[in-house]
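Single chain ahead, written as structure tokens, the form predicted on its own.
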């Protein structure tokens, strides 16, 4: 057994290994997958002192309870998360975006996300995970990626390799912001929908339902009227595409989406708004706002620049 490792006492909900995903495999039916919230993934590795694409643990709603065995390491958690560090004679209430030290026998109890969905656990080192097609990202629908394509399970041992000793005091003052509307560009089947249907899509509120996971987000609200055909010949789709099936309720394709689909596509969520979209828990309200492709490209460049500026503020 490796010198340092975690024992999984409680696996949490949908706890998996993720990185930035795998590229250029759509032609064989494999989506990008990867961390749902890219910025919080990148910040976790930056605070830990890791390379940007180092595999880390993603969890949804409730995280794992882990017991650490081995040599001292640092860890941090990003997102909007409540967690405790349990030592022999003390229990420390943790703050997100701040490094803490784990020693032999310590426990890390990741209690819950707060009015959000995903959180991230990074350590000062590497988890021992298998890489498949250039990525560790776990797609549990297809059993692809680290951990044999499965969620982390109770009593599992998570081995740790290549630890390093970056400053355990590294931290970042960061607040996860929200936006009033999720911005989209028109989809390839935009003209399948009536003028009233388009108006409803851009002016009415939709509710995130419980039928939401890493594969897709189902919404409920005013029905989007289709005047051409509610089914089309299956064709390629990408992350962020908004399909409208026969019932008129939109479905947003997320990181583990199928790579083809036969429902008309009314829009696509822009990349710079994707992180905020996936953090909306069931019951949240969404409004969509149309922008042009050129604006979406500019906003993505600004998003990347902002992420670099945030990393530069880590102390």
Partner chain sequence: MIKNISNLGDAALYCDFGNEVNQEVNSKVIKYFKNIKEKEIEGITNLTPSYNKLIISFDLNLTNFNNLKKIIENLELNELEKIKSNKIKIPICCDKEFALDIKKLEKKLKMSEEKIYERFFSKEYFCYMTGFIAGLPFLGDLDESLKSRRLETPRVKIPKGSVGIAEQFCNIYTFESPGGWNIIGNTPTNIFDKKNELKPNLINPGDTLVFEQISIDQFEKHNG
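Numbering follows the first chain given and starts at 1. For clarity, every value in this text was computed on a predicted model and none was experimentally measured.
Although not depicted, the form predicted in complex with the partner chain is the subject of the following passage.
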- In contact with the partner chain in the model of the complex (heavy atoms, 4.5 Å), from 206-214, 78-86, 107-115, 237-245, is stretch 237-245
- Taking 4.5 angstroms as the cut-off for heavy atoms, does residue 91 touch the partner chain in the model of the complex? no
- Message: Just checking whether residue 223 would be counted as a contact of the partner chain in the model of the complex - the rule being heavy atoms within 4.5 angstroms.
- Response: no
- Message: Can you tell me whether residue 13 touches the partner chain? I mean in the model of the complex, with a 4.5 angstroms heavy atom cut-off.
- Response: no
- Task: May I ask you to state whether residue 288 is within 4.5 Å of the partner chain in the model of the complex, using heavy atom distances?
- Result: no
- Item | Of 169, 178, 233, 154, the one that lies within 4.5 Å of the partner chain in the model of the complex (heavy atoms) | 233
- Query: Of 65, 254, 48, 30, which residue is found within 4.5 angstroms of the partner chain in the model of the complex when only non-hydrogen atoms are counted?
  - Reply: 30
- Query: Taking 164, 302 and 312 as a possible spot, do all three reach the partner chain in the model of the complex with a heavy atom inside 4.5 Å?
  - Reply: no
- Note on the structure: Contacts from 251-276 to the partner chain in the model of the complex (any heavy atom within 4.5 Å), listed N to C, are 258, 259, 260, 265, 268, 270, 271
